[in-house]
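Starting off, we have a lone chain in the form predicted on its own, written out as structure tokens.
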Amino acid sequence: MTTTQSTNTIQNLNPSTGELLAELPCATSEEVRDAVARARAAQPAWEALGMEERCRMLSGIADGLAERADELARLATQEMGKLYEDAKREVQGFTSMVKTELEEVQEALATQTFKTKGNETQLVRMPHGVVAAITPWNFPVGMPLQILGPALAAGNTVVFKPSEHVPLTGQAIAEIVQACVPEDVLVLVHGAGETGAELVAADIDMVGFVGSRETGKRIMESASKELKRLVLELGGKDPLVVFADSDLDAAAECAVRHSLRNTGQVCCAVERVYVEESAATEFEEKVAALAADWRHGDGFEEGSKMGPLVSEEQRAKVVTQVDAAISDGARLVMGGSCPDGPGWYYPATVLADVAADQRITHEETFGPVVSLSTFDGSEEEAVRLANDTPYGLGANVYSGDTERGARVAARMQAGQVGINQYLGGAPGTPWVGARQSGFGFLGGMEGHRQFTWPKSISKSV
């Protein structure tokens, strides 16, 4: 099929320097439709291979990741500014997960048998068909694999659009997967939001998306026209509640590390810290001392604890929120101004006395800001403030009274809650966005089943 090349291109810039890394053409509408048609044609044969053979083939992804580990880590650092050591850990972590995840998928999708007198029913799980995988830039290796692996293992084919901020990392991931599967089982398209919208509107059966709440809403609206299946892992505005009797050193470490890691560009970052009033001054001092060590710099530079923000636009959003918070009465403890020189850097910033009605309390920041507020020490007030958001991705609570911590955690409206530790479930648990932080799940038995539909086949016995 002859296709025309798009005149629109991705300007792939290094956020540490602003320099051009590559310029890639965006897929045209015709190219998107062609990619979906190719995946559609390849799907029946891929499904017919059976679960065991598909997983055997996909297990080769681990070898591909291992062989190209340094390349992938370097690309992630160059394209989105992630610290090189963090990027290496991301690649290594997901390399080691491939085999376990494929085993988990097979268990989740295994045929189940139900019997009654005179009847036997088999419950089998069927692939949706063609899945559109649209993935973010902040974890450019891990997030694509969390969709691609389960979707493909289930018998779907995939059209994959990585974020326009990490096209080369996405392309490398696609090449690794494509080397393991038949032609057109995974088809790659490049582009920004317009390309993603074209893909969602195309002849696909399901969308697996990780990104912002606003984009997730647009995807859901578009997909509703044909009732396409969805898994949407969206943003968050995660709270950390700190009672005065808790281990303040541990709580301060959690607040700083999980507000600032990956330059704050984490969907489940700590974005709101509520400290019991009687401990607020001591806690602020501990946070400021820890945050002072979070020096920003190039991801390849030894001693850097934060890289740049991914883009000039993203930095501008953070600047706008911080400046507005200060204008509205928040107190700047440290940071809060853009450094001179190239790159989209922003320093570790600590704000105190942040009011409940301020913009930074309600809008996702996605930047290196520790936002401190106080509460009166009651469980009711802690829960009310923690839940004062449309989001529901994660939450954390620190308390010297573990029973009180458990009571507060149970009432927090979030998919993942940590008690006296940062959130994060044991292997095998799904990643859940409650409320407006998601639709459907990723990971674990529950998540893997999202890429199929259950079918009952009954017979007389």
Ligand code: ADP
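Throughout, we count residues from 1 along the sequence that is shown. Remember, it's a predicted structure, so these values are computed and weren't measured experimentally.
Another form, the form predicted in complex with the named molecule, is not on view; read the next lines as being about it.
Here is the short version: of Ala252, Ile134, Leu83, Val322, the single residue with a heavy atom within 4.5 Å of the named molecule in the model of the complex is Ile134.
Among the residues Val270, Val210, Val158, Val275, the one placing a heavy atom within 4.5 Å of the named molecule in the model of the complex is Val210. At the 4.5 Å threshold, heavy atoms of Ser163 reach the named molecule in the model of the complex. When contacts are judged by a 4.5 Å heavy atom cut-off, Ala330 does not count as touching the named molecule in the model of the complex. None of the heavy atoms of Gly367 is located within 4.5 Å of the named molecule in the model of the complex. A residue is said to contact a partner when one of its heavy atoms sits within 4.5 Å of a partner heavy atom; Arg218 meets this definition for the named molecule in the model of the complex. Look at 69-77, 186-194, 99-107, 387-395: in the model of the complex, residues with non-hydrogen atoms within 4.5 angstroms of the named molecule sit in 186-194.
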